[in-house]
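Two forms, one protein chain; structure tokens for each follow separately as structure 1 and structure 2.
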Structure 1
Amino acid sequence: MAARTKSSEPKPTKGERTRARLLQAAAREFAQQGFDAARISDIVARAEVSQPAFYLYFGSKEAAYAEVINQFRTRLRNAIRSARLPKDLEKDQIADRVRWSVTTLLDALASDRDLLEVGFYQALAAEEIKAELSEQIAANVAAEQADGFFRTDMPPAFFANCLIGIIERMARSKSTPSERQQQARFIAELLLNGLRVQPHS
């Protein structure tokens, strides 16, 4: 059987589109109003569906909120997974690959400002999300140290927490894709080389 191409993938059903629209509307309301002040009536009005339709997909406002948080978590997990340096990476490609990894993470955070606001700054689970993100980054770094890419006297958890602090600040800025690439370059150079003047080769 031939592999299914992107163009031949099944289109979302009407129900799937409605659910996605409700989640997008919920993320906007939670981001703008906060969980307590957000109302289901405003979510359904923004999504242009009936209130019974909301309860068809989500049993409560809490359930919709949990799904918004889960979307954000999944996006971050995928970004960190793709950021892991491949074992066969050439040493002279490390800097470029680290810049790409940081850009990927910044883009993942910036791709939906509502999810970012809810998941990274507002949610009661925000600190838990950041801790999980830090653990994933630390696991990547530990593996990359074992592969000989980085010095081994730097605790992976310390590095991960430092990166999270930088990313948390940068993610709040409403930067363009080109600005995020520049930010990623500065972050990568800072992490790899520090502030010391590098000797000319």
Structure 2
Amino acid sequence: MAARTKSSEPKPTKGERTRARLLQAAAREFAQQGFDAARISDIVARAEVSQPAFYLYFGSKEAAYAEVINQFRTRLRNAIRSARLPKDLEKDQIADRVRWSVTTLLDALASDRDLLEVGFYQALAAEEIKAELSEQIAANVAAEQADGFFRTDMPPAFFANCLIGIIERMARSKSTPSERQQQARFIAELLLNGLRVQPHS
């Protein structure tokens, strides 16, 4: 009776495992070839199933692509949710916290290179995803401006887009966790203090 008490997923059936394999193979092919150039035959070869098996689990090439994109969106949304600065933050912790937020985002993006490629760099999906991301970040920034953390003479949406642009560039290169921390440090520093020669630091 005790078994499986905690697990939310009872145990994947054979079909579910096949489907998962196909989805992963699809993500890889879409990432490497783009939607049009990706061939179902390569996806199923990678997943080691026959062509009809693909259609057992996805209605069409488009549907599979959409599912890959959705995976990415969902993960990204979750990451964003964790990246909000808490209200009771001390002013001198801002830098740390911004760094942490950026790290969270970079880590989320780096967690699956294939999803990243499809969702962030392929024209078909990227713009819509970035638009959503932008809105969410802008909302966060607005709140943080209201809390007095950031200067208020720049529109949140503008800043959100800058952040997305920067992160997109950074996320492009394969990086280790510690490299990402370093990146996050630079980004936070640039965003907070700018490029101008600093008075003392």
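In this text, all values refer to a predicted model and were calculated from it rather than measured experimentally. Whichever C-alpha set is largest while still superposing within 1.5 Å between the two forms counts as the rigid core. Reference numbering: structure 1, starting with residue 1.
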Mark the structure, either 1 or 2, that is the form predicted in complex with the DNA.
-> 2
Core-aligned C-alpha movement of T18 between the two structures reaching 2 Å = yes
Rigid core superposed, G148 Cα shift between the two structures in Å?
-> 2.7
